[in-house]
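The data below hold one chain only, encoded as structure tokens and taken in the form predicted alone.
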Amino acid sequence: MSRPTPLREVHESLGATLTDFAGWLMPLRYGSESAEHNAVREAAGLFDLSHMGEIHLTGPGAAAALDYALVSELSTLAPGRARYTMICAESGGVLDDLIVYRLAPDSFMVVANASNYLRVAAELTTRSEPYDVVVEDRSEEYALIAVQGPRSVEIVAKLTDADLAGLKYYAGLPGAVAGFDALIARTGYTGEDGFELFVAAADAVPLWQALTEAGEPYGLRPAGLSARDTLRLEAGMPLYGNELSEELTPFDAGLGRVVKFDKAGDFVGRAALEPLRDVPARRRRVGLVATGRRVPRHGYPVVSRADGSVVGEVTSGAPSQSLGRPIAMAYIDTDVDSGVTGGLAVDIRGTHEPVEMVELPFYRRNK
């Protein structure tokens, strides 16, 4: 049975279509997913992300434990800052992609995907055993609400005295929002500016209501999983289970930059990943833009139009509101270039639909 977030009754009152996502009952859409998508690009959207996992590591050995457990060097992260990273298996495959916040010199919060946070918590506990650190899965304590879009600063500023103007991208600070204690993080998964607000689960409903009222003059709308998926796809952001998996390494995904071989000491997955650092990956993640109206979907083969040979596979696809055409991310063979003879197509139920290969992301916001 799907677990509800603290905002379930709010979603129901707004007429949301609820669906199971990673074992959670989540809002898929509130009405028009294209309207929700466009609100985030043009004004602001309000998201319930309370299904995400929050794992705390505290103690003098916390930084060293994370340096060993994850592929990045978290000991160099300044308090108040955040970093995108990954936890890998000994094989080098990705177990999850994460954001790590350094809350204080000896205190970190690891935010994991809903489908993986129990495994991440277990792995962090095991990998931290040699270090002087306490690992706590505190996911049940939190609600996570995001405000994303070009008007997000104006909206949140109405409810807090925190220095939002001085808060950099991938940074977080403690503050009160609408009178509720929060970690205010300038992070997101939409390609837009915005904030993710970590609050006590009991404060989720009144905070949502306060944000809704503050955002009404700015065009704020609640947005569900469908809009979140098309927004992150346009921004070229990977989704675990699609672009990332235990069968893929960070190098396969074009994200080898997160792996830090020059940090002191060993880390889990190093032996498998180090031989790959200077070797071209056998496949690469690219963008595809359809020339027609049919949408490439997850799992569809990418083929050469010249001879029909399979050269890759779609990992995510959807209509793009920003481009006005269907788009997709895919893994294709490394030796396939954009000028391949005859071009590329996606096999959609037996029909080869032409696509153009482009570099990611599809969309960049004006800064």
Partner chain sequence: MSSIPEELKYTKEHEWIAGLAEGATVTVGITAYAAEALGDVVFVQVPEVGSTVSAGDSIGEVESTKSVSDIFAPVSGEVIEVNDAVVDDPSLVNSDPFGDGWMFRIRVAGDDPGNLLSPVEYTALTIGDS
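Only a predicted model underlies this, so the values are computations on that prediction, with no experimental measurement involved. Residue numbers count along the first chain shown, from 1.
The same protein also has a form predicted in complex with its partner chain, omitted here; what follows describes it.
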item: Region of this chain that lies against its partner chain in the predicted complex, out of 200 to 208, 222 to 230, 119 to 127, 82 to 90 [heavy atom, 4.5 Å]; value: 222 to 230
item: Contact residue in the predicted complex, from Arg257, Lys168, Arg293, Arg277 (heavy atom within 4.5 Å of its partner chain); value: Arg293
item: Heavy atom within 4.5 Å of its partner chain in the predicted complex - residue from Tyr331, Tyr68, Tyr30, Tyr300; value: Tyr300
item: Touches its partner chain in the predicted complex: Ser34 (any heavy atom, 4.5 Å); value: yes
item: Its partner chain contact in the predicted complex: Gly59, any heavy atom under 4.5 Å; value: no
